[in-house]
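Only one chain is included here, represented as structure tokens and corresponding to the form predicted alone.
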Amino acid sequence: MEKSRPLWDNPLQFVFACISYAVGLGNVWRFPYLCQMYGGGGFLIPYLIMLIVEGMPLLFLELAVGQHMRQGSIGAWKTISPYLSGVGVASVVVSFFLSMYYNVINAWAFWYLFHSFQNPLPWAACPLNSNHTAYIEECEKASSTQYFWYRKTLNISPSIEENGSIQWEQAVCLILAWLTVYLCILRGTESTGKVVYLTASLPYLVLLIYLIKALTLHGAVNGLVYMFTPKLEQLANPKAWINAATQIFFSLGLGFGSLIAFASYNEPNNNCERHAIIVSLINSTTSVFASIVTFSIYGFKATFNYENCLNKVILLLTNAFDLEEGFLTADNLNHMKEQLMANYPNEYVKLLPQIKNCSLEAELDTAVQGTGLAFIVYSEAIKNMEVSQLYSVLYFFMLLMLGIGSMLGNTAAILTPLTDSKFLSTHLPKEVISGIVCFINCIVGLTFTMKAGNYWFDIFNDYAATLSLLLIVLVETIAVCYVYGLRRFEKDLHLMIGHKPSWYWKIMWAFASPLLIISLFIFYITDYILTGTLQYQAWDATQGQLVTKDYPSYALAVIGLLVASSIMCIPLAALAIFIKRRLKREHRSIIA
């Protein structure tokens, strides 16, 4: 007798699992960056349009497929057509790549969390050199937060070609991160269902605390004005629309197979339409909410740096021209600089290289995303807050919750097809299968703890999923609408949710969403071709800044393999099925 499929305890648990998976680090460190780059509040216009045209329809489609087929990605697409089994395999491969490097972020979050209990914070000031006569040169040329990230955390090499050894502190944090994930997924939905309540709700509590604190910070208003002042001319920029579509696509986690896996544990009559709308709206609202917090902190940091810059210029001019203390102020500085230049031209010209051009707008325009925002910009702001240890603990704990929540989805995308396999499930209990997956990922992930590990992390982050996921989701929509049949899918939905899908869903699935994905796919291919030689940012310790370098040939080969290994699963699996069926037919004709 076939063993019954595990189920979520209730529909709320499923919604929390989807929110925990979809609401991740991209909401905190990618969306605010895009707002900053593409017109502040004006970016919300293309973002909301893409949510309606692409986000909600594709999320609903994946949830409906998983719920109806009641299988992981491989089984679900194989049921629709044996020729489509490669779509599920491609999803598993992409999720495997993602899991390998994504948990490294949780390892970094653990590292920063442990160091957040120190007073003062270890990135609050530059350390002294071995003679205790001056600050370490690398730190002086960069900043204390950059030094702590690049030297103390990553101990980064000057280039990808110098791999270096495994950093044992980071390796221990990575093992701890994988042990945490393993304990969360140990018993499938039974354990994951309990954990998601924590990983989905706690980040909101921390964001709320941060919002209350951020709004009281000096200069927070400058950041909010910057965010909510729409630069509508950016609506004419195609990249604003492309990045809005890409953000919606990856933020919801489409194509990885995680949503199909989660939905497969639903009751057959669960209202997945309502849940698709709820999850996509909460995900997008969280991005805006996180941006308000981020821009408040941006404003605080920018104002702090701007005022610090002004004070240094005032001190320099006061000492150089023997002015009375308090004579120069922020309000009269520009006017007095002109007067000093007119009265003492020779002396002023000599000082000119030391006089910085302080600009609040320039500080606010400095756009940072990814690890640069999460581990450098935020830690820079936190160190200047009162009770900085408390806010540091809260922030990195929130990052950890967001990261673990996403990892639950990533691992579900891998484990659900494996535990659905009759061969594996009859020979190995799911605890062992989960353990093997986590162990393999952890061992491979140690690559990212080497001195050049961050460069390999960037390669996986930039190239392991982008093109692959676009192709996977394109094939998914074509498969449902034109292979399985939209009318047939319509009847299935009628049985599941009690009514047929509206014209909106059908138009989006059949025409709008596929055309949008094809446009994105063409854009990325064209962008890669026009870029020419692929480059990366390497840390130069002598200058205390990032420098641009070309990827070596073997790194380019790895990039090619990352893209091809998942994409090629789709045609190769179809070809294998075709050959297998052809051989069977020939065998039958010979016997006949």
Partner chain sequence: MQGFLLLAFSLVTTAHAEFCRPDAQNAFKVRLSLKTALGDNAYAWDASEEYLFKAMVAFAMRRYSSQKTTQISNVLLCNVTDRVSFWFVVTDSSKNATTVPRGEVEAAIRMTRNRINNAFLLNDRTMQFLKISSTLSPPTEPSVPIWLVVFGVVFCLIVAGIIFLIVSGIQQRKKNNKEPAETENLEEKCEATVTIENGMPCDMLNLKTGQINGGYAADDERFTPL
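This structure is a prediction, so every number in the text was calculated from the model and none was measured. Numbering follows the first chain given and starts at 1.
Although not depicted, the form predicted in complex with the partner chain is the subject of the following passage.
- Although the partner is absent from the chain shown here, none of 231, 502 and 519 has a heavy atom within 4.5 Å of the partner chain in the model of the complex.
- The partner chain in the model of the complex is approached by residue 429, whose closest heavy atom lies within 4.5 angstroms of it.
- The closest heavy atom approach of residue 180 to the partner chain in the model of the complex falls within 4.5 Å.
- In the model of the complex, residue 482 stays away from the partner chain, with no heavy atom inside 4.5 Å.
- Using a 4.5 angstroms limit between non-hydrogen atoms, residue 117 touches the partner chain in the model of the complex.
- Listed residues 495, 212, 342, 134 were compared with the partner chain in the model of the complex; 134 is the one with a heavy atom within 4.5 Å.
- The listed set 319, 329, 308, 346 contains one residue whose heavy atoms approach the partner chain in the model of the complex to within 4.5 Å, identified as 319.
- Note that among 153-161, 81-89, 483-491, 185-193, the stretch whose heavy atoms approach the partner chain to within 4.5 Å in the model of the complex is 185-193.
- Scanning 305-344 for heavy atoms within 4.5 Å of the partner chain in the model of the complex gives 315, 318, 319, 322, 323, 324, 325 in sequence order.
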